[in-house]
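Take a look at this single chain in structure tokens; it is the form predicted on its own.
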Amino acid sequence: MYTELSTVESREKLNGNAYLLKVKAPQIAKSIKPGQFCNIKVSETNYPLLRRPFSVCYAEEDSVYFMFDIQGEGTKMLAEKKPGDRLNILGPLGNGFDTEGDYDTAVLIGGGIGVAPFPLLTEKLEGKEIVTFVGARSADHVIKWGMKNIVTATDDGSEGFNGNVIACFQSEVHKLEKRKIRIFGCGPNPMLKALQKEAINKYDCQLSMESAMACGFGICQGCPIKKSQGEGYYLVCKDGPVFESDKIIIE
């Protein structure tokens, strides 16, 4: 884990509300794994007080990329950053996706900005067949940057499958019936809960959970998630954010 005073290299608007920020952070770039995250101090003042957690979208040489949409004051401030601005970044944090093992096809399922860790994951899955299901509210909100072999689903039917991304996967999975698949899911909790229900006893499945995380490494105890076996809780920041789908209870 490193704390780097990093420099913004570029900012790209992906759609009406989503951005891609490239930041020079050599130590983090060299050690990040897909599914891990960083805690970013979005301003050089004490406002907002807490850092914000962001999945690392991609890494190359000395730089890391963050994909995010504007959901509040912190992300609004981040979206206004310009090349040359400085950011204090803490990372890598958490445990990422496990890409090793006996499977031949990786099925990536993401909703909204939940696709953020998929570009780096896609690169690390070299040698595997990849199918990526991308869900969004409408065509204007579909994000495809850094992904491949994409099947889209939109709630209003303006692009691809008319419905949510889990229903889309259910309609397409018969095409993969002769494959040995592993599912990698990331998105809002209702989507992940539906995916967990779909995967149980049928698919090898890992889920990247979203949660409010203040410290990012287990000190504040602010991001508990119930264990499915035995009593007690995991911490999303420290034990996750990626979990085997049968290990947790999603509220």
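All of these numbers come straight from a predicted model, not from anything done at the bench. One-based numbering along the sequence shown.
Same protein, other form: the form predicted in complex with another copy of the chain, not shown, and the subject of what follows.
For the chain shown alone, E73 is a contact residue for another copy of the chain in the predicted complex, at least one non-hydrogen atom being within 4.5 angstroms. Remark: A167 does not count among the residues lining another copy of the chain in the predicted complex, judged by a heavy atom distance of 4.5 Å or less. With a 4.5 Å cutoff on heavy atoms, T45 counts as touching another copy of the chain in the predicted complex. The shortest heavy atom separation between M77 and another copy of the chain in the predicted complex is within 4.5 Å. Comment: 77 to 85 is the region of 108 to 116, 77 to 85, 135 to 143, 155 to 163 lying near another copy of the chain in the predicted complex, near meaning a non-hydrogen atom within 4.5 Å.
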